[in-house]
Every structure is written in structure tokens, then in C-alpha cells.
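The chain that follows stands alone, in the form predicted alone, written as C-alpha cells.
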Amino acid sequence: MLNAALKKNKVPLYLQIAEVLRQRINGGVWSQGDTLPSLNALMEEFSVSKVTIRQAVKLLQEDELLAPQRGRGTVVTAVPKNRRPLRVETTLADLIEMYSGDVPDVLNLSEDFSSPADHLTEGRLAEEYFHMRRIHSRNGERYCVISMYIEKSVFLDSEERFRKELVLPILFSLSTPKIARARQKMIIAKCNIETAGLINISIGDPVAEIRRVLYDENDTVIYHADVIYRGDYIRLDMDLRP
């Protein structure tokens, strides 16, 4: 089944195999100090040539995940990354609590005064918004790119904070405007070429696309955000009602 799936994919085989091996290392299937199966064993598992396996292994050696050792073969040299998963919460309070105290590195890509397109959101749009596009990173690893619109007067009241901090906890802390309701939806998609370059993953990798919209008491949109998360950073937990 794995071999058939690899061959159906348009991505070169050695890149696909390298990603499978990378996932095994990050998932703890192979631990630091473990020796990889032999080239012949990997050739048989993936039904590919020795050249293809060597290309895949070389990529992971360049990323310092693997290293050749005399008399042992290829050894895992990296400790799996201890990623803190981002939960896709189903209540606004839980979402804010998840972000409170979190201080990721923020890289602002662009800023301007503009509004989201009418067809992108439900509710009434304000006259003008401040638009920011930024990347969030944690422990040096980029995990999401976000395009957000904040109602202009709300932004100007806390401009310095909005530029430097996470936006949702700021909005929740303000006395005005009062957040009356919020909507969030998510789809699983494939990473496009632009996003792949921004958060350092491969084209076609799974990503979670999330749209969040916050409304005031007059049903005016005060915050609209489109977020693209790396698939390996997202965890969805739900209580299922009997």
C-alpha cells in the first residue's frame, strides 16, 4: 500500500521516502542512537533502487538527523522535536486560554489599511480595518502564517501591543468593544508553493486552514483572520455526546 501511494505521487520518490524516514524519527519510531535498517532492507520496503534510498538518506544527513558511523551503518543523531501541539478549540474562552502566556516569535510580513472581501465573512463589515500578515514561530520553527483584519479604531487604541503581541488575548482583554460572538471553521488542505516557502515545509504537505471571525454586540466584524497551520502542529480534541 505504501509503495503504491508513493508511486502515485508526483513528488520525486527520494523526497517522499526522506519525509517518511523523517516522520519516523520525529514520531519516536527510531530514537537517537538507533541504527537505520540496511540499504537493502529499505530498498525492499519501498521497492526502489539503492540510488533512491541513498538520496533520501543524504537529505536527512544534511539536516543532521542521520550520520554514518564506521562499523554500525547510518545512525539517528537527532532527538525528536518536542512540539507543543496547538489545539483547535471549540469555545472562545478555551481558545483564549490556550494562547494566554504563549509568546511565540512574530515576523510581520506586510501591513496596510484594507478590508476583507464581503464574500469572505458573515456579519456586517466596519468602514475600515488594519490588515497584518505575519508568521508565528516557536523554538525557531515556523508553524503558521496568518492574515488578519482588526477594526481600525480598535487597532489604533492598542497599536503598539497589536504589532508585538498575539492579537486574540489582546482583544479579549479590552473593555470595549465587547466580543458578543465568534465563529471558527477549519479545513484540511495541501500546502501551496508560497506557504511552503514561508513555513519551511514541502509543497503538498497537509495544512490546516482556519478562519476565525469575532463580532461585537452590533454584529459588526471586529476581527477576521485566515490562518494556515502546519499539519503536524494541529490537534483536534472533541467531546462526543452520546
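Model, not experiment: these values are computed from the prediction. Residue indices: 1-based, along the sequence shown. Basically, rigid core = biggest C-alpha set you can superpose within 1.5 Å across the two forms.
Missing here is the form predicted together with the DNA; even so, the following discussion is about that form.
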Query raised in the report: Taking Ile179, Ile222 and Arg235 as the candidate spot, are all three within 4.5 angstroms of the DNA in the predicted bound form by heavy atoms?
Result: no
Query raised in the report: Only one of 181-189, 25-33, 196-204, 43-51 gets a heavy atom within 4.5 Å of the DNA in the predicted bound form; which is it?
Result: 43-51
Query raised in the report: Does any heavy atom of Pro12 come within 4.5 Å of a heavy atom of the DNA in the predicted bound form?
Result: yes
Query raised in the report: Is there a heavy atom of Thr121 no more than 4.5 Å from a heavy atom of the DNA in the predicted bound form?
Result: no
Query raised in the report: Does any heavy atom of Arg72 come within 4.5 Å of a heavy atom of the DNA in the predicted bound form?
Result: yes
Query raised in the report: Leu174 near the DNA in the predicted bound form, any heavy atom under 4.5 Å?
Result: no
Query raised in the report: Does superposing the core leave Ile188 with a CA shift of 2 Å or more between this form and the one not shown?
Result: no
Report task. State yes or no: after fitting on the rigid core, is the Cα displacement of Gln69 between this form and the one not shown at least 2 Å? Result -> yes
Query - Displaced residue check between this form and the one not shown: Ile222, CA, 2 Å or over, core reference - result: no
